[in-house]
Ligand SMILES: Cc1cc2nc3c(=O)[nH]c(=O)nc-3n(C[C@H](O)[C@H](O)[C@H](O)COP(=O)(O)OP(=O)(O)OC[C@H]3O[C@@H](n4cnc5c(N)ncnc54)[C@H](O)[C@@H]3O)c2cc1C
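One chain is shown next in structure tokens, namely the form predicted alone.
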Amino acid sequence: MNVSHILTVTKNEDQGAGYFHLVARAPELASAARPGQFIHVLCAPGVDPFLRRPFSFYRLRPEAGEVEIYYQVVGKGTHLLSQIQPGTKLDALGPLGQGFPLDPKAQRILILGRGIGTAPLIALAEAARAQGTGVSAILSARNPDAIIGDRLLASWGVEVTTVTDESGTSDPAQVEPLLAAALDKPGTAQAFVCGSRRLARLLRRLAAARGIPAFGSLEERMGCGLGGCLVCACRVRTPEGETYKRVCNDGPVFPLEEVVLG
């Protein structure tokens, strides 16, 4: 059942490169949510903008009663959100969607993120480290300033590799040997990707060749966030043929083998 929450903002700071880091107190939400799920936030009072905006969880801190999101200013809603000051209360629905299926027995996982798509993978890595699972991370972005969470991951003992457009190291052909080496690390049991369909296609191929389950968190425009409007439908493969599923309700996390990535 979806629940309405009031988030009390305690921090909303400009991180550069168009990114903002928002921290909010919401004890019930922090306890109920899982990495890979998201919240649907009313970015400003009133009806402009009319639709809520979806944000994945960057960190979940139930012991502090806080949730964190890392977002990019791309339009009116996120611009208004970036103006929010500490102490402001935000209306949010959540937790929504299906999260990452982290294997509690996994020795090691791989996370592969591009740009703002890295944000939900940080929460996943934190959950993995908390259960004693090792993490390898490959993070991609336009330039070093747009890499998300690399220092935080390193502080948790995660093996981090960064690639950027600016340095000429982020093309899938160049990422492939890095990804293959990470997948070949002993004990790697699962792989997860978000932020790039090109990287998702690459991961799907390399993981399948090694028999490693791979999952992707899809980024789609959402209207209602509850599965009713079908704006976020994506194509998937089933034994009966191709069909459509709702990213907001059936996802946003799907097995990569089932998603039609184009």
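For clarity, every value in this text was computed on a predicted model and none was experimentally measured. Heads up: residue numbers just count along the shown sequence, starting at 1.
If you look for the form predicted together with this ligand, you will not find it shown, but the lines that follow are about it.
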Considering 185, 142, 129, 76, which brings a non-hydrogen atom within 4.5 Å of this ligand in the model of the complex?
76
Given that this ligand is left out here, which of 136, 133, 190, 72 has a heavy atom within 4.5 Å of it in the model of the complex?
72
Just to confirm, residue 109 within 4.5 Å of this ligand in the model of the complex by heavy atoms?
no
Residue-level question: is residue 116 within 4.5 Å of this ligand in the model of the complex, judged on heavy atoms?
yes
Answer with yes or no whether residue 66 is in contact with this ligand in the model of the complex, where contact means some heavy atom within 4.5 Å.
no
Indicate whether this ligand has at least one heavy atom within 4.5 Å of a heavy atom of residue 54 in the model of the complex.
yes
Among 116 to 124, 101 to 109, 160 to 168, 173 to 181, mark the stretch whose residues have heavy atoms within 4.5 Å of this ligand in the model of the complex.
116 to 124
Where, within 218 to 234, is there a heavy atom within 4.5 Å of this ligand in the model of the complex? Residue list please.
218, 219, 220, 221, 222
